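As a starting point, one isolated chain is supplied in structure tokens, in the form predicted on its own.
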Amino acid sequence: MPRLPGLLLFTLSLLAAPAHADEVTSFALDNGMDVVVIEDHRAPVVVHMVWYKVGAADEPPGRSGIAHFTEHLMFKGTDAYPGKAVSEIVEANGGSDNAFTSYDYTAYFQRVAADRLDLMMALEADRMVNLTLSEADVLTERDVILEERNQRTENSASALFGEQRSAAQYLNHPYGIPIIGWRAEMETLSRQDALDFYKANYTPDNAILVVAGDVTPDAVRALAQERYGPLAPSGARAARARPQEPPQLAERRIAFADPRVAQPYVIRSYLAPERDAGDQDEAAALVYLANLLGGDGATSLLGQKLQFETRTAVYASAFYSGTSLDDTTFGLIVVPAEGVGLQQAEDAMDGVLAEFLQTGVDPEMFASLKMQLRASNIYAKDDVEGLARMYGEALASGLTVQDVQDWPDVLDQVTPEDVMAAAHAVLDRKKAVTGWLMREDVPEVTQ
């Protein structure tokens, strides 16, 4: 039997792969709570998520960390379910629960047997409006988040470097403030701060309910109306307005030295557009650009040139995530090989970029990448929790259900010309922050 080209074999495997299309229904309750139902009847489980359209970038000035702090305090209980009762009930019913905070949203979720969905809604609806906080709870949990900052940030040279780079990237926008908060402000967070933030933002008209798994839209609608429907909305909510970034007119550079650094590296991030509702084309082109430049060490341009041809680097990559309410970043990172200086590594990275901007996209590499992204979108439908997160994150970041469903087609329609247009628009040193992470100070940061 004749051998088939690799790309054709990959295409045939995609056609043969089981495509579990995400059956999605969306509606809103009378109190303004948005609901998304994703049907997947292959297993008798359900993922129940409540996303609040508030995150670290929505905090009052001087109260950095209050969004993450409130997330912690949400597990302190209510009169009906005091203390750790919520997590204990979830565990007793064979499930798991957790929460997370980002710049644009805060989310709470449980994964349980499908017949426990009503119980999960009862628990989450109760703490949406009935959270009780004692002064002791607040002081204890404040110590917890301070210790979390110690462990994850203060004890990590890379994390401290990242905070400094973000602060340099965003001079005015709150994306430049760490999600966990600045330590000096975290130390002053009070019970009243938490209650004010909770009452202002934890309301049904500021929330998105995502239910994914072995459910039907009609059943979810009935349960949601029973459990969440009676909760009073906050009234007319103002649009999410944040301080915006002024035009960046010059490259910013930062050199961070710390004796704990195990591996120095160069990283550069450019301000870049996010996915916008009804307008995702440029973001899709940037997804391709990140993958072409640094998606895979063996096949990406940075990997081929720096890791394999010149042996300048032991690792090189590019990154971009467009699911963001406001402008995000497109980034590049190079970890130099032994004996290679940071300036040499940066120069080599810039050489690859200059060559790419001059020669353009390799058609064969582009076709292969398009097939890989198509495959990734198909197989993503097999992960019910991943789908719930994908829809919740998108809606909490200003996108719509239709935008999420259109995204694979938007990606599929990207052309090499689109990628090059995005590259020329974004890869502008005047819109970049270039950082060096070093073991010790260098006498001069040159260009």
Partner chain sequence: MIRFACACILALVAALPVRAAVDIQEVTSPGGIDAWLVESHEIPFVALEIRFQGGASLDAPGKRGAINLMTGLLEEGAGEMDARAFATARDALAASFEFDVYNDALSVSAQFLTENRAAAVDLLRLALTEPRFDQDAVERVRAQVVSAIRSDAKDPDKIASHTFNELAFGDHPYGTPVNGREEDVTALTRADVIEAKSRVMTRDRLFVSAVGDITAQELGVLLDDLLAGLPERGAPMPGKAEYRLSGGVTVVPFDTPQSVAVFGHEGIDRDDPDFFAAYVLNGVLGSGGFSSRLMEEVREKRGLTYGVYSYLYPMDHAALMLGQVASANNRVAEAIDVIRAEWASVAQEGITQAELDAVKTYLTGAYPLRFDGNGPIANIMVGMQMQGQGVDYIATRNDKINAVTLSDIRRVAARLLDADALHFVVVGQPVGLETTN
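None of the values given here were measured: they were computed from a predicted structure. Positions refer to the first chain, counted from 1.
Separately, the form predicted together with its partner chain exists; it is not shown, and the next lines address it.
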Only one of Ala375, Ala222, Ala257, Ala80 gets a heavy atom within 4.5 Å of its partner chain in the predicted complex. Which one? Ala375
Of Ser134, Ser368, Asn172, Ser190, the only residue with a heavy atom within 4.5 Å of its partner chain in the predicted complex is Ser368
Taking the shortest heavy atom distance, is Met390 within 4.5 Å of its partner chain in the predicted complex? no
Quick one: does Ala43 come within 4.5 Å of its partner chain in the predicted complex, counting heavy atoms only? yes
Taking 4.5 angstroms as the cut-off for heavy atoms, does Glu141 touch its partner chain in the predicted complex? yes
Would Arg111 count as touching its partner chain in the predicted complex under a 4.5 Å heavy atom rule? yes
Among 163 to 171, 197 to 205, 88 to 96, 282 to 290, the stretch whose residues bring a heavy atom within 4.5 Å of its partner chain in the predicted complex is 88 to 96
Select from 58 to 87 the residues with a non-hydrogen atom within 4.5 Å of its partner chain in the predicted complex and write them out in sequence order. His68, Glu71, His72, Phe75, Lys76, Lys84, Ser87
